[in-house]
Structures are given as structure tokens and as C-alpha cells.
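For reference, the chain that follows is the form predicted alone, supplied as C-alpha cells.
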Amino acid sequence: MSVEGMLEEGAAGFGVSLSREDTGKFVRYLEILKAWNRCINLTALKDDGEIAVSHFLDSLSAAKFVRGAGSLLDIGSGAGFPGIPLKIAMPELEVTLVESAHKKTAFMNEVIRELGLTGIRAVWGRAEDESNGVPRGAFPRVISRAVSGVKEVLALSEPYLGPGGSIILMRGRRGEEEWEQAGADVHARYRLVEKMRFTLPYGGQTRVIFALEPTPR
């Protein structure tokens, strides 16, 4: 099956409808990623299909958690995951990407330019740095994909949440174990709103997504 076919079929399984224009943007994203990956370490994956599944479709698996949110902050975006794929699939979503590595931020800005995306920006800075130019208390959704430990990423994410906002954690197959090991203080501080455990199409990798809300202090 072609990459376009894998993306269209796989995305549909997550309730996401991709147009031919959308899949074309993903193919261009893939080309840019492979070209830059020769110079900087963006992904260990080399096969087009593996990248499409493990990065693009994995990112789109979070669509139900951010749909209708209006704006999204992606902390530790790396090569743009999950923020850029979500933006391609949901162009109405305003997306801010935060990444501490300058070269990866430059890569994301190149992808944004090449794909002609608007309403999205990549910010070079650390999430814990109050001078990074990203507004605190402003986002309905803050998302992070396999970044740091659960307790650490929650602490980084919470200051950016707007009233009634939620934090979306995208974790690997040990996600539920990681949540349990986060400790009673974390469980008391955050309410688990929704959890989705699933298997990625084609590759068979297990993933877990958590939607969490801070409890009133």
C-alpha cells in the first residue's frame, strides 16, 4: 500500500478524514524530514511506511482529544509531532510548538513554510522558561508526546492551561504503568478525564493517551 493509502486508511480509524491535498502535505513533510535527517537526528526510522505509522498516524491518534479546542500547545515537539500532523488534519486549530533544540525548531519552521501552513508557529525555548514568549494560562489543550516522566511533563504543562483546560499525555505501551508510578500526589493533583489504549495500524505498537485536568486547589 502507498504511503498516501496508509495515511488515509489509518487516519480514518481515528475518526480523521484526510483529503488528497492533506496526504500530499504529509508526503512532502516526509520528504523534508528525510532530507534533514541526513544532517541532524530527527528520527531513527528510515522506512517511509514506518515513519507514516509511527510518527504521522501516531500523532493523529490524538485528534479526538483536541478537536474543537481552538488552540493547542505542543511541548517538546521535536520534529513536529504531534502538532504539525494535527494541524494538517485540522487546519482550524491554532498550534504553538515549543522545542528547546534550535535545529529542530528550524526544521519545523521549514516544514511550516514548505507546506504553506498558517495559524501555527514553532518557538525555540524551554517550556519552563518564562521568557520563551509563549503565554501562560492561555491554552485549552496542552499536549506532549513521550516527553520526560509523567510528573515532570504535567508540571511543565499546567502553567499554560487556560480555565477548564486539559493536558493530553501521549505515552507508549507502558503508559498505564507510568501513570500508576507517578504517585499519589500526582493522582490527587490531576483528575483522569479520559484514557485511550490502542494499537497503531500496520505496525502493531501499543499506545496510551491520557486526558487530565488539574483539580481545584
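A residue's number is simply how far along the shown sequence it sits, counting from 1. Keep in mind that what you see is a predicted model, and the values were worked out from it rather than measured.
Beyond what is shown, the protein has a form predicted in complex with a small molecule; the following relates to that form.
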If you check L117, V147, A138, M90 against the small molecule in the model of the complex, which one has a heavy atom within 4.5 Å?
V147
Identify, from the list V111, A127, L72, A122, the residue with a heavy atom within 4.5 Å of the small molecule in the model of the complex.
A127
With a cut-off of 4.5 Å between heavy atoms, is A106 one of the residues that contacts the small molecule in the model of the complex?
no
Is there any non-hydrogen atom of L156 lying within 4.5 Å of the small molecule in the model of the complex?
yes
Hey, in the model of the complex, is V98 touching the small molecule, heavy atoms inside 4.5 Å?
yes
